[in-house]
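What follows is one chain in structure tokens, specifically the form predicted on its own.
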């Protein structure tokens, strides 16, 4: 009688494993990728972001089937064809619009979680830098997508943002015309941003996500206490069955199941917005067709850009552009500006705790001010909030250098 081996793997699996090292990849990236036990639900935001990006890709493909990248047809293809003539076209547009907005809420939560717990320190600088690169890429993707409906705010926001490349007194108008493909946003402009949104930026984002996950593999993920963990010893204890003594858990299936739970809660919130409050992601001004001869009363970007827009607005042209550039670059420098040796939550870091909460509140104030007309008390509050933003970053190296070692 032939002997039956219960542990024998199918021939197809063994054939692929010999050539692609499937079992090794599974072990290195999944079952023996060790995660600290002492982390909370905020560590699931990375997977939530990846899932939201996947939804944006899928919904974008469905919208792409009916969208017309033509200045004469784009507005109607979005607001009439997709919304009224295509079966469930309204649903895909709502999913895409809400996803494009909510993804930035998750990015900001993820970013400030990293700042609060010091996840950019002690060998984890590349994790932070690759994450900030993703923030810039998602911003470019969102801006290019905002142009495609070709409504009033699409046109005029595109006009204002591309004018930034003139460099103020540098008068680099030729660069602005090169980006637009014309003197004003038109067919060439729409075609270029269509290509960026549906092809180039998604490909670059996918590559950056792979790189970001790669930087997470070594060094290991930080934890909410900033504790130094002997991952090899803790992994050995876990594999020997001493799970209570181990300080780590495997990514798959233990941590992944927690990620899935958090994603389940998130998607309840997400689809609640899609079905009942989708209007927050769609500017009413953008439901008017683009008209280069009629300027909206108040031009502003989407909410996730408002804080940096408000940093630009209170100053004259050249200082404003410098301030705007400062705001775009400064977060990249965080690992090098924080001079403290402590890897610990902000709640245990004295002056840094005050710095963190002031920065968070200041960015919220800047966001609200960016939506309001720059006049009266709003203009004053915006200026004070912008100046506080600069003061906080200038103070960071000083207060962290004076921080006592824990």
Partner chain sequence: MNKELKILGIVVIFTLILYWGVEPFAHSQMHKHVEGHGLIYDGKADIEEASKDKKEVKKKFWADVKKIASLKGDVASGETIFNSTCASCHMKGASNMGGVTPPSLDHAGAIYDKNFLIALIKNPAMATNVDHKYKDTATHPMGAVMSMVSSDQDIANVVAYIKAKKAGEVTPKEAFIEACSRCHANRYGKLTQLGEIPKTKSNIKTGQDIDKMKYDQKVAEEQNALADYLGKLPPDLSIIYRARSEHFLETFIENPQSQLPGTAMPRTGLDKEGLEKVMAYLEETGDPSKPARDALGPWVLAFFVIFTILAYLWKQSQWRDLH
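Numbering follows the first chain given and starts at 1. Here the structure is a predicted model, which is why all the values come from computation and not from measurement.
Just so it is clear, the following notes concern the form predicted together with its partner chain, a form of the same protein that is not shown.
S.K.: Going by a heavy atom distance of 4.5 Å, is residue 256 a contact of its partner chain in the model of the complex?
M.R.: Within the cut-off, so yes.
S.K.: Residue-level contact is defined here as any heavy atom of the residue lying within 4.5 Å of its partner chain in the model of the complex; does residue 234 satisfy this criterion?
M.R.: So residue 234 does not count as contacting its partner chain.
S.K.: Indicate whether residue 380 is a 4.5 Å heavy atom neighbour of its partner chain in the model of the complex.
M.R.: The answer is no: residue 380 has no heavy atom within 4.5 Å of its partner chain.
S.K.: If you check in the model of the complex, is residue 353 within 4.5 Å of its partner chain, heavy atoms only?
M.R.: No, residue 353 sits far enough from its partner chain in the model of the complex that none of its heavy atoms falls within 4.5 Å.
S.K.: For the chain seen here without its partner, which of 329 to 337, 143 to 151, 85 to 93, 203 to 211 has a heavy atom within 4.5 Å of its partner chain in the model of the complex?
M.R.: Looking at the other structure, the answer is 85 to 93.
S.K.: Identify whether its partner chain in the model of the complex is within 4.5 Å of every residue in the set 105, 276 and 367, based on non-hydrogen atoms.
M.R.: Yes, each of 105, 276 and 367 comes within 4.5 Å of its partner chain in the model of the complex.
S.K.: Counting any non-hydrogen atom inside 4.5 Å, which residue from 134, 176, 115, 282 sits next to its partner chain in the model of the complex?
M.R.: Result of the distance check: 282.
S.K.: Would you kindly say which of 359, 372, 346, 47 lies with a heavy atom within 4.5 Å of its partner chain in the model of the complex?
M.R.: None of the other options qualify; the answer is 372.
S.K.: Using a 4.5 Å cut-off on any heavy atom, which residues of 65 to 83 would contact its partner chain in the model of the complex?
M.R.: The stretch touches the partner through 75, 76, 79, 80, 83.
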